[in-house]
Ligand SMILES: C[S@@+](CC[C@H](N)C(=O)[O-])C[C@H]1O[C@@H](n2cnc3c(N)ncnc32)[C@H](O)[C@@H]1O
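Quick heads-up: it's one chain on its own, the form predicted alone, in structure tokens.
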Amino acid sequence: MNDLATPLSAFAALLTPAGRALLDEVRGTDPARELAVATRLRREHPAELVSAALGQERLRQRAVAKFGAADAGRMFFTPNGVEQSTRASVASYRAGRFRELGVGSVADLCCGIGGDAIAFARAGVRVLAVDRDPLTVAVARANVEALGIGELVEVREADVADVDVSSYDALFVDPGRRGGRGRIFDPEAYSPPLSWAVDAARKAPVAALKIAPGVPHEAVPGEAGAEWISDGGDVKEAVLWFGAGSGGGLEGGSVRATLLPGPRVLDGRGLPDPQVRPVGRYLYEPDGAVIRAHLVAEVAEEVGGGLIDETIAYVTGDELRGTSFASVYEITDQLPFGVKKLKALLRERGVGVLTVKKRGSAVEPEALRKMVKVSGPHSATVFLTRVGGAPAMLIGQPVG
């Protein structure tokens, strides 16, 4: 049998002096030149080792968006690890929250390649990182070594259900949410199931469970506080907090939207749904975390506005009011939906750069851009949406 026939053995070969030298040699390889580089290197190195090195370099390049170039260039990854790991900015924020709650040690269950464990350690928290997959554990250990945080992180291969975490100040669980057919939406189909993670969290002094941001609110346990987190406008995750009611934490039953960078924090106050009103001069587009947390009413109150439609999370108002939780646009035109009408208006305005946003419309932005064929020196934003239940187009410009 080939010594590099299994993913684990191929990864182990990358950690040898020869493997590390090869990783250095393929660093920065352009994907378009990968075949030529592989052909050249296979003249002097085993083909499997060359494939493993080039595969690792591809993963490192993909990981830059989550971990930054400095860390991604030193770390090791698996395809699932890149896909499922927490973005470093989000993990760092969460680790800071643990420190604010007085946590000095945490059991990180389902640790994956170690992204969260790294953030905990850099925040000064001692970590037990646990995963049951041998390859994932090997990668996590390599990352701990590569980043020089071995004194604070123990990586253990085990089933999380068999690990005694009673001696740790806190628990963090990031269940697997991908299977053989892709993303898993049923929380009870997570690995481990959400119900198991909730039971474990209830026994810990402080606990946080990372879950998909699309989790139904009715699936959140009553004793947990729920936080939706976005980074740069993209919703990244939801976190269920247990036992974190002190030190600025979330009480059971409370809801929060946190926007990074910042953080900018919006706590729910149990406000009723905003009233529907005619489209005003300004349109406020709440951040995705605000929408997921069902806190559009809090934004509407802040800006003195109402909804354009009872089913659409766009807030409108007549006055320009600053908010940290929504993007603001000045609306110049409101039209019933129609491609010909839009095309004529954009031609009249000399619009050559068109941003298309949609909420409550079946029309795809790219398809609309192709149909209108804009040309000119100006720019505009068009919102495909519903106003008072009817398909509509709102045209405007970002404010500030």
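What you see is a predicted model, and the numbers here were worked out from it, not measured in a lab. Don't overthink the numbering: it's just position in the shown sequence, from 1.
Below, we refer to the form predicted together with the named molecule, which is not included among the displayed structures.
Shown alone, this chain has one stretch from 314-322, 254-262, 79-87, 197-205 that lies within 4.5 Å of the named molecule in the predicted complex by heavy atoms: 79-87. Taking non-hydrogen atoms only, Glu154 never approaches the named molecule to within 4.5 angstroms in the predicted complex. Proximity of Ala170 to the named molecule in the predicted complex falls outside the 4.5 Å heavy atom cutoff. Interface residue remark: Asp133 is counted as part of the site for the named molecule in the predicted complex, having a heavy atom within 4.5 Å. Not displayed here, the named molecule is approached by Asp116 to within 4.5 Å at the level of heavy atoms in the predicted complex.
With the partner omitted here, the residue from Val160, Leu250, Leu209, Ala107 that has a non-hydrogen atom within 4.5 angstroms of the named molecule in the predicted complex is Val160. This chain is displayed alone, yet in the predicted complex one of Pro192, Gly268, Pro187, Gly73 has a heavy atom within 4.5 Å of the named molecule; that residue is Pro192.
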